[in-house]
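So this first bit is one chain, no partners, the form predicted on its own, shown in structure tokens.
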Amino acid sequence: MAVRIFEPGDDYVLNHCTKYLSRAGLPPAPGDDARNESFRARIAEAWRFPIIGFMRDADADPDLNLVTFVYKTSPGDPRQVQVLGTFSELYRSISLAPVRFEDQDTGYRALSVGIPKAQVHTYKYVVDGRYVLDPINPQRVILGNGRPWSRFFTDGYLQPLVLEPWEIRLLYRLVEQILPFRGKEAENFLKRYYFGLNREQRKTDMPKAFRLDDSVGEVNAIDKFLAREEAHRLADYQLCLRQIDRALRRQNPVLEPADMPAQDFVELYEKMAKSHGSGDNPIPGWNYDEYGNPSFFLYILRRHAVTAAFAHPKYAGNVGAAGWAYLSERYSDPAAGTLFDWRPAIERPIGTSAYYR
């Protein structure tokens, strides 16, 4: 498939590089995994690369993300740097161009392309004919042939990336006891809200909402957090979901955890909130040698659930801005209208603000 190349300008790239890459130094030679890990550890928020941004042209396609690949070299480095990935023809690599400041080579190489939203892709760099993983982006995936590739996903991607199906099912039940969408009144509101969208909105937002396993996409967004900006918490989820599964089965040996009534989860939450270690209100079935503080994981889960439900829809939760719409109706003043008027603060077409472009 053909890919459209855009030129947002050298300043666009340098603004990101200065903010996130300036302390890192040069990447080590390809294949030096230990030094590559050390290199990424010096980068401020390495998950921000490649840059997944808005299309900057006012007439650009709103269904595309501007994806900018960045490779760091030294000024004057003569090596040719290209990128090869599933977002384009796999037999054709695309060259990255030198990024300049006041007509001088900065050492950065960059390429910006338009890629549809809600997609995931794998890629590698080709440096003087040698295939290398992205030394900056920490996201990696092992393909069926056993070979690692770098990975990125665009805004609103809906399929799980890092959580297994049983973890998704259990996490859905855990999250539904935290957020306010499971009451009858809230469920009725969400149905009214989705069916009240205009035809064009319904065509794009309704299938997404009803294809998800939860009300406004919270679990899907948590999966995306753990794949990227909260990747350091993936181990917490993998360890604690096993512990929670074991504790629920000890608590209710008759039903599968995903099928247990809400009261079983409420009871477990109360135990987790009080348990800070093996000697402090221990939970039957919890292995404290594997994860010593259930209360801390409950804090992480609550933080992620609330963030997922009420953050910008591009992060894969709050589908169709339903979370914001719920708050808008929930917190209203009969005399003055809503106390949560979110639309003027958000870019079109989600909101009404024209300032983002």
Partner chain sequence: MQDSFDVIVVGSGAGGAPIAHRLVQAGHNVLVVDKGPLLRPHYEVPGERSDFRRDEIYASSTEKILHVPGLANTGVSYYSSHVEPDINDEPHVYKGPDGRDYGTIEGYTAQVVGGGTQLYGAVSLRFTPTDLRLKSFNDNRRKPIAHDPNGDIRREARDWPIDYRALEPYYVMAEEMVGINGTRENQQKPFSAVKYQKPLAPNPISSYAHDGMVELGKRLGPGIAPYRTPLAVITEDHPWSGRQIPRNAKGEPDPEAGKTSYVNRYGDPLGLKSSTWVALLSPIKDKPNFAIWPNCVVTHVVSEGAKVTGVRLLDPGGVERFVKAEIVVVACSAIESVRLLKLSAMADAEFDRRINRNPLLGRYFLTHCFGGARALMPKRFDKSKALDADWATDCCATEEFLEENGLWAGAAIYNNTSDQALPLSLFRTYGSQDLDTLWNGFMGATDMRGDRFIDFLDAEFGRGLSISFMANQVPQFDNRIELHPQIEDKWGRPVAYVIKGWHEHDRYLMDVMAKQCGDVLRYGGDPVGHDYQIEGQGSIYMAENALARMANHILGGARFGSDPNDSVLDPQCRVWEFDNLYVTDGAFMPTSGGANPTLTIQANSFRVADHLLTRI
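Source: prediction; values computed, not measured. Numbering follows the first chain given and starts at 1.
The next section is about a form of this same protein that is not shown, the form predicted in complex with the partner chain.
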Selected contact from D128, E102, D259, E164, since only one has a non-hydrogen atom within 4.5 angstroms of the partner chain in the model of the complex: E102
In the model of the complex, the one of N137, S93, T154, T106 near the partner chain [non-hydrogen atom within 4.5 angstroms]: T106
4.5 Å heavy atom contact, E45 to the partner chain in the model of the complex: yes
Contact of P180 with the partner chain in the model of the complex (heavy atom, 4.5 Å): yes
Touches the partner chain in the model of the complex: R233 (any heavy atom, 4.5 Å): yes
4.5 Å heavy atom contact, M55 and the partner chain in the model of the complex: yes
Segment assignment from 81-89, 269-277, 164-172, 129-137: heavy atom within 4.5 Å of the partner chain in the model of the complex: 269-277
Contact set, 134-164 vs the partner chain in the model of the complex - heavy atom within 4.5 angstroms: none
